[in-house]
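This document contains two forms of one protein chain, each encoded as structure tokens and listed individually as structure 1 and structure 2.
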Structure 1
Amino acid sequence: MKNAVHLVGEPTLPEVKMHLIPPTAPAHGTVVSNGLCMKGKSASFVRHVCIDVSGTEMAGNFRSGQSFGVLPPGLDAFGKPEKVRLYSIASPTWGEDGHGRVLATTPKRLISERSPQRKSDPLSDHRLFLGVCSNYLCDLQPGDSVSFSGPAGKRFVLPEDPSQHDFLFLATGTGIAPFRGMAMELLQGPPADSPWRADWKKCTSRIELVMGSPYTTDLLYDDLFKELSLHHSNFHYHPVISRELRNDGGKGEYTHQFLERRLGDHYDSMLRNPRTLIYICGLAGMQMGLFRILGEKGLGTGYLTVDEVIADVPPREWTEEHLKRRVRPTHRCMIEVY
């Protein structure tokens, strides 16, 4: 990025360290704490798990927005060791402790029924299925050891100089994890004894966080974001609930529908501003919805590149295949979806 020719508004991203610990030679951390991070009683179980990585290559060498790998114990259905699973780091660059020795992540328990994954799988097999790694992480107790690799990712990180940009963060579910770390990094700063403290400056840019959730009780880190919005006038937190009525009596909505409804009075000027960067983390449907809105409203400049194959197709007629294969994000639109 340092030697690249930058377009207007394109961010300069920091050099990050990656793959210091490979999955083939994992390091071992120790669980420090493990607690629920839901807003209230919910049908889901999502936990905030903190892991001490002291004495490993990860210590002091990860950034908010990156991921790390977890290697659950045991063998898979083919008798081979379980493969690594990636989880977003939910901490600022200086970690939970201010010294980059403790990182956090946000696993959600997966409890579902089996469904065919291969042609050879029987259609009648609907036995209960528990996510191998997510439930393993959620079950861990303080003092337990965890095998891990990482860090991973170089694009879904904050720019070198956040003051040069405004930020639109869009999340669903556990996709909120990287935005917890980023918001803390931009606004709270490291503790007084942190080696990062001397160089830290509070970001005064506009920061908008839109968090999509089925129910209010499914919101994650809600208290933190409310507190940040209370004490930082440049930070705006918008919980968007899809299966409950809005406060104004309107129907529930998804994140892209919220953006479209609020374009005129809130987001149109922000999205047209070359300072703005978009970060999207969560379900892939959120990306599709956003891309369609940007195209239909003429707001895609700077965020999207459209393949010449569909150059003459009106955005309102873009198919799901078009959105997946022919519309790509630029360096001002960071995507981490699943």
Structure 2
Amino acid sequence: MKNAVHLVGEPTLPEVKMHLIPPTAPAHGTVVSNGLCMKGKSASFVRHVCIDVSGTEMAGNFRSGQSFGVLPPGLDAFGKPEKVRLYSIASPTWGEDGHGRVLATTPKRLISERSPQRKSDPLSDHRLFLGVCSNYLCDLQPGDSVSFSGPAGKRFVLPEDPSQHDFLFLATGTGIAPFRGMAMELLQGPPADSPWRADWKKCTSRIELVMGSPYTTDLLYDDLFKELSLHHSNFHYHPVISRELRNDGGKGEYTHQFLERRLGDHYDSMLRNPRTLIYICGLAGMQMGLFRILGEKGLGTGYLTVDEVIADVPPREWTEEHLKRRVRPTHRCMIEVY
């Protein structure tokens, strides 16, 4: 039984399929396309990779917001098969093709200098570090086979009836992936020949997408979001750049700082409205700044529960430890960070 006790504004989430394909018995898909998806020339490489999953349990059985697993070939440093890595599905529920047979994802190459991960790691080791699976995925060519598992995740999905809610989507970097699928699902709809077409209704609720990137050139799917905001007056797209000056001459900022700056003229009433759901995806820790602001401005009701232990601590004095252990998101605040 789901949602036996239903609080004001709490979303009813759809039943979703999960773990139809386990990593121990992966299915095989075929890469359909693989192209860069940043706005401009950047030091990072992020790709939009489309994979045909026809004939597998995954076909027609995933939802926007869910993830799937990729099993890179080869053995790890201990001689064991490489473990599965999760990637967000960047497609709407009907996939890239309208029939749920082709899904897209948004891998970013992990390219770095080595840095200590454990106390025992030497500080002096700064050789090149290449992530296994992200680079494997980004290297794939159309026609290549890829082993996968999934789908995974049941909380980070759109509610059964989106018209009952307004949406605040907060992304950093590749955390934008699920919001591509969700925005297409809410606003664009499936193609005419799609089995999802008959039941689809355009969502007229307010949808705010706040996307955090280091530089303008790092923005992902920027053309799509601009296009959607041009054609749908209920959709608002806000790129937030951390390492460049703003148009008004102000300093670069993070997503929560943007929200705080625009609370008065834009977000205060939205956040106080029980219709609103917050979805956060991207860098681990990006939710902390938002939680502090919600607490400080008296906007946490409905999105946060605060442990009695810190009931007397003013939100501006919440420590990292408090935020990690004592402040919890409610069902109106969906978080997918790592």
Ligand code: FAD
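For clarity, a rigid core is taken as the largest C-alpha set superposing within 1.5 Å between two forms. Note that the structure is predicted; figures quoted are calculated from it, not measured. Residue numbering: sequential along structure 1, first residue numbered 1.
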Checklist entry - Of structures 1 and 2, which one represents the form predicted in complex with ligand FAD? => result 2
Item to check | Threshold 2 Å Cα movement between the two structures at residue 193, rigid core reference | outcome: no
Next on the checklist: If I superpose the two forms on their rigid core, does the C-alpha of residue 125 end up displaced by 2 Å or more between the two structures?
Outcome noted: yes
